[in-house]
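Here's a solo chain for you in structure tokens, the form predicted on its own.
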Amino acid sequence: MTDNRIPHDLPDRIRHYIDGEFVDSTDGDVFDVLDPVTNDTYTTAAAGKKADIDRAVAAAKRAFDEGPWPKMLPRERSRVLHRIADIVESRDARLAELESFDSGLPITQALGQARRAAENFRFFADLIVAQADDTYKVPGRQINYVNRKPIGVAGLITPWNTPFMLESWKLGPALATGNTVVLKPAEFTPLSASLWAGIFEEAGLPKGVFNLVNGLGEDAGDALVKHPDVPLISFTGESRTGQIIFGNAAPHLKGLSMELGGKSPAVVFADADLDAAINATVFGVFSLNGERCTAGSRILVERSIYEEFVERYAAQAKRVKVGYPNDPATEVGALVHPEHYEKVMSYVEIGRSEGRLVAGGGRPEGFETGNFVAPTVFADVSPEARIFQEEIFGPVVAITPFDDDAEALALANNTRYGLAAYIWTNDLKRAHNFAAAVEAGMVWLNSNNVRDLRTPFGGVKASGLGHEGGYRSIDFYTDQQAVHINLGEVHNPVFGKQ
């Protein structure tokens, strides 16, 4: 293993950041952080527990109740957010280097995620200045208008697949709307999250507005969800964890936004542009190492083109370059952690008895250690198969034929999930009708996953609760207060009149 793979100046210890200071856990506990290529421990991180969450929430609540941030004009907060975006952009190479090393993501894709993080802050910085709230008039009688107010301490719990970008996706709107935050990043990937503190300090975010507690979900995450002074929880992660959070937040009647798992269909009709569909569906499941919630991991193909599609898809999957995350030529890097690697490999073994293996199926050649999985393709997969129904979250795809539109729709909707769907057809009427009928929070027609930040992001069924993105994020992170003003004679019934 060459030394140039390891970033310079890696921290000896990743600490919490509470009330403007880096601190260790109250009990001094730490956990190991692993390099996905070797699975060696390269540093330790402070293991937060309830006491640390209590301390962080107290700081955030104090900053909300007594500090300037919630009371600042939108333009003033916007300036801080734009400075954050500028700093993130100026450090994109370093951020990508650390993110790639910590998560196993290919360096080119990590760089794109760093730049997207800057764009998230820029978008919400602009939105809070430009937004207009509703006013309703009854001429000569009444005016009704809406006040928006920040809610308080927002608890943000983020995943390990594209950590820095997904943290920005929550931090941007939560801060833009005047809330203070406690961030609990995923324990597998705490490295890039530790950079937020310096970025925010440099941008001029007041002390206590941003707090970060590392730790396991069952310790730090659980304490954050149950804390009575945290009225909002935004969570991205597994559906099962989402169910636990839902139950634990219920006694406090907290606001919840949860983007959960997916098993998204990519439906390819015979009249589709086959070259574009193959390129998009290869990218759609193997980019980000297959560790993406919106991956099109079930490909449904019309029978008349099925054999050609499978043959061409398998051949292209075999050409996808697996390599070390820091190599710019790498298209699939190392999975994030040995626990996750074992999970993905167990599904590969299950798939051998559930479908016809046409590509991959194990370790790629030349990678005897680390969390490397060859891009794996199973054809002829039954809708009852576990690899058709369950989220694998790795570079593994199931391909299934269909005969007509009705069967395609039934297959597309035949899972507990409903996050995304991708439809490939040149029939305009079919495209729109299928999009309306498919059970998915987001649909892409003749396109891979290209996001417009103004649109709602979220899923249906087991894929989530609520939406963020654009004004939906503003809605989630603010209380909306209706104010009614009488302009005319007071018209009300009089009780107890003499």
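Being a predicted model, the structure only gives us computed values, none of them experimental. Numbers for residues come from their place in the sequence shown, where the first is 1.
Absent from the display: the form predicted in complex with nicotinamide-adenine-dinucleotide (NAD). The rest refers to it.
Taking Phe457, Trp444, Phe434, Phe64 one by one, only a single residue has any non-hydrogen atom within 4.5 Å of nicotinamide-adenine-dinucleotide (NAD) in the predicted complex, and it is Phe457. Checking Pro163, Pro265, Pro106, Gly221 against nicotinamide-adenine-dinucleotide (NAD) in the predicted complex, a heavy atom within 4.5 Å turns up for just one residue: Gly221.
Look at 74-82, 222-230, 376-384, 171-179: in the predicted complex, residues with non-hydrogen atoms within 4.5 angstroms of nicotinamide-adenine-dinucleotide (NAD) sit in 222-230. Against nicotinamide-adenine-dinucleotide (NAD) in the predicted complex, the set Ile299, Leu409 and Asp427 makes no contact: no member has a heavy atom within 4.5 Å. Contact annotation for Glu391: at least one heavy atom lies within 4.5 Å of nicotinamide-adenine-dinucleotide (NAD) in the predicted complex.
Though the partner is left out of this view, Phe121 does not reach within 4.5 Å of nicotinamide-adenine-dinucleotide (NAD) in the predicted complex, counting heavy atoms only. Interface membership of Glu187, defined by any non-hydrogen atom within 4.5 Å of nicotinamide-adenine-dinucleotide (NAD) in the predicted complex, is confirmed. Thr158 belongs to the set of residues with a heavy atom inside 4.5 Å of nicotinamide-adenine-dinucleotide (NAD) in the predicted complex. Residues from 247-269 that approach nicotinamide-adenine-dinucleotide (NAD) in the predicted complex with a non-hydrogen atom closer than or equal to 4.5 Å are Glu259, Leu260, Gly261, Gly262, in the order they occur in the chain.
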